[in-house]
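The chain below stands alone and is given in structure tokens; this is the form predicted on its own.
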């Protein structure tokens, strides 16, 4: 491990062509924020031979070409960058943006809303209120560039579905644990579907195809179907720079 301003960085070999970087801190929020800060700094100073950087909620997998560099060189680069990493806030050069996402919460658009409420000992209206009062931070872009975010404030973590859904429509807002995610494209998921936004969040025809980036801040706002239809919603854009 090596000490950084936000704590300690653990670097472990992962096979013969990758290393796994984690933040062994007791506070989950610090672990997640610190790995985002480290990732941004590492990408800005990406050493030769590194092929890919794969983000997890609390880890970073650094893959490299063993014909161009060696394990010990990558480990050294990781530790060197960790010592430079900022203590908090976004990396230099990237502005954190704030998004307000309108969501229709009802039985059709949110087929798991009632079961989530029952699990948490709340009413569906109280679950919607909890989601609307939560402030989410984008931790990473997952499969198909889906934004995975932290910050759901509910009495206990929400379980995933025992039997995944096979075809969830784009725009579906889903929760699991204390996280939320928006489905960019049709596909399967084990997350609990609680609502749907009329906005598009990934459009590969655009120069910048993804609405969000890691570190951005998201608030969900409940709307009715009529209000959603009146929005004439297209590609989701930020409402402002986050303070």
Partner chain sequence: MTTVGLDITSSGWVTTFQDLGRRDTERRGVPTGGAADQHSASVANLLVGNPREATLIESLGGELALVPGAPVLLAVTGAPAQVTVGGAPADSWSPLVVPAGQEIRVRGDMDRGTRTYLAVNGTLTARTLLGSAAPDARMGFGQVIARGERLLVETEFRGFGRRLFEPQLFRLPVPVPRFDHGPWVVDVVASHGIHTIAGIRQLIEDSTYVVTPRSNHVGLRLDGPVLHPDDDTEIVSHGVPVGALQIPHADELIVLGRYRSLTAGYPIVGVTSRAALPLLGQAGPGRELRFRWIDRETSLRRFARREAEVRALGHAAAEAFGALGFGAPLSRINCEAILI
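Residue numbers count along the first chain shown, from 1. C-alpha atoms forming the largest set that superposes within 1.5 Å between two forms make up the rigid core. Remember, predicted model here, so these are calculated numbers, not experimental data.
Quick note: we don't show the form predicted together with its partner chain, though the next part is all about it.
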| task | Decide whether residue 38 counts as a contact residue for its partner chain in the model of the complex under a heavy atom distance cut-off of 4.5 Å. | result | no
| query | Is residue 56 close enough to its partner chain in the model of the complex to count, meaning some heavy atom within 4.5 Å? | reply | yes
| field | Close approach of residue 228 to its partner chain in the model of the complex, 4.5 Å, heavy atom | value | no
| residue 32 near its partner chain in the model of the complex, any heavy atom under 4.5 Å? | yes
| request: Go through 193, 202, 176, 217 and name the one with a heavy atom inside 4.5 Å of its partner chain in the model of the complex. | output: 202
| request: Would you point out which of 161-169, 138-146, 101-109, 118-126 contains residues with a non-hydrogen atom within 4.5 Å of its partner chain in the model of the complex? | output: 138-146
| message | For its partner chain, considered in the model of the complex: do all three of 20, 52 and 209 come within 4.5 Å of it, counting heavy atoms only? | response | yes
| Residues of stretch 56-75 in contact with its partner chain in the model of the complex (4.5 Å, non-hydrogen atom) | 56, 57, 58, 59, 61, 63, 64, 65, 66, 67, 68, 71
| said: Please determine whether the C-alpha atom of residue 228 is displaced by 2 Å or more between this form and the one not shown following superposition on the rigid core. | reply: no
| query | After the core is matched up, is the C-alpha of residue 179 off by 2 Å or more between this form and the one not shown? | reply | no
| message | Checking residue 53 here: with the core superposed, does its CA move 2 Å or more between this form and the one not shown? | response | no
